[in-house]
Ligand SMILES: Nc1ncnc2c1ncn2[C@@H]1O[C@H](COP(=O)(O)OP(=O)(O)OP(=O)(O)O)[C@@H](O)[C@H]1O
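A lone chain, given as structure tokens: the form predicted on its own.
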């Protein structure tokens, strides 16, 4: 058991060293002059107090040796005083430089660090963002990236400063008695382990409460969100949510208070012990002076050095403890940066023709989401010919959206294969494959940019063409949205930014459809594309979808049977399998699942 604890401690020390190295190298990479300047302004001030104290020793010895002597020349004293003044000035200059350099680091580091985090997130696959543990880690990164790395980098440079002061003090004290330093270490080492233990406890609370903190921020955002404010006003639910926030906060405060109380008692004991050790060493130096073994100036000098040694040791361990504390959080940032995409382009990848609809085949596909044993698709097979209009219908959870996720290669199949023109989708170049797809998901993004940019985001890999943007808007009905806005296509959408105009859910959906149409991809995937649009607008949109031409493949997922009835082939999905397939007329004649669901829905419009 003791061996396991020892190995665990060694592992934590090595982990702290590794994270510290990575963070320092990151600062070095983004700004080498800033790194070097930070190092210099941290280390040089460690020398200045010792130089100042030694000059003061020489001054005192000069004064003592001058007693009783006539006509003493004061030129040497003035030189010493000049040097002493210079050390004070130099120290203040470096203190000011430290503040300035810290400001530069605090300005640059978090922005650059979070930029690479966001870049990494853009490269990761969908399964990471659907994993609760990864989302908890992202929440911790979001809450700490602006200050934890900064605190750690500051603590690292101050550790260098304390270590420099410690080495200087040891070398100076060695000329008197090396064992004096050991007495201070006896109290400093337990202080370090006490602070390390406290840091681990706080991090444990932080990690343990990650789901609660995520809930805390979710509820906070819910209360502040204009979309949810209307319903909360009517149902008067705000007090319930605030009450839940209070419970979460009280639980976290209670546990932190207990930890703080324990830390207060142990820290006080160690601090008092340190004072006793320091006083004993100071008494020893005084007795040496009384015995005439050292000068009065040396008494002042060594007393300063011992005090500075104690401060350096305590400062070193305090800063190391701070480094350890921040490491526990900063490691999360590097864990995100170390995450590897599970979906990658193979070395033998084949580029897809982004202007031509392919033959798509699902062959005996089985799939379960990571971490789940429930099969979503079971021995699933189908063929979609180029230019075919296909629809998927079925109850929630049947596997319809999963088909789209696999086709978009957000996930890979557990077994079986998806073929694109006879080539396994894993061997298709991802960039060219994504450009082959135009997708509007049910939970589409509402970009709070201009209407023009909202549509252009559908094809950013090509030069912006306002004529094509207007054309896409005309197909989706977003042109009417533009006409209703004060600044037309240049109107900022949403209420986050000044001058923004909010849209209805249906208007937002038309904008998202315009984005998909603007992409003009040979495969168009519409996942519940008109759920918030009135029947008349829906009919107009799908007339235009049908006019896209035989050279485009269209896949539609919808609960509205009026949306899918004109598809070439309609697939009824149930529990991950195709139960029925055919066009509307054929399926109605079969008197099966489709006919039953269509009839039930049709009654609502009578």
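Residue numbers count along the first chain shown, from 1. None of the values given here were measured: they were computed from a predicted structure.
There is also a form predicted together with the ligand; it is not shown, and the following applies to it.
Listed stretches are 321 to 329, 370 to 378, 93 to 101, 516 to 524; the contact stretch with the ligand in the model of the complex is 370 to 378, by a heavy atom cutoff of 4.5 Å. Contact annotation for residue 456: none of its heavy atoms lies within 4.5 Å of the ligand in the model of the complex. Contact check for residue 130: a heavy atom falls within 4.5 Å of the ligand in the model of the complex. Contact check for residue 362: no non-hydrogen atom falls within 4.5 Å of the ligand in the model of the complex. Residue 507 falls outside the set of residues with a heavy atom inside 4.5 Å of the ligand in the model of the complex. For the options 295, 442, 164, 491, the one in contact with the ligand in the model of the complex, meaning a heavy atom within 4.5 Å, is 442. Contact with the ligand in the model of the complex, judged by any heavy atom within 4.5 Å, is made by just one of 402, 154, 352, 314: 402. Applying a 4.5 Å heavy atom cutoff to the ligand in the model of the complex picks out 559 as the lone residue from 553 to 572.
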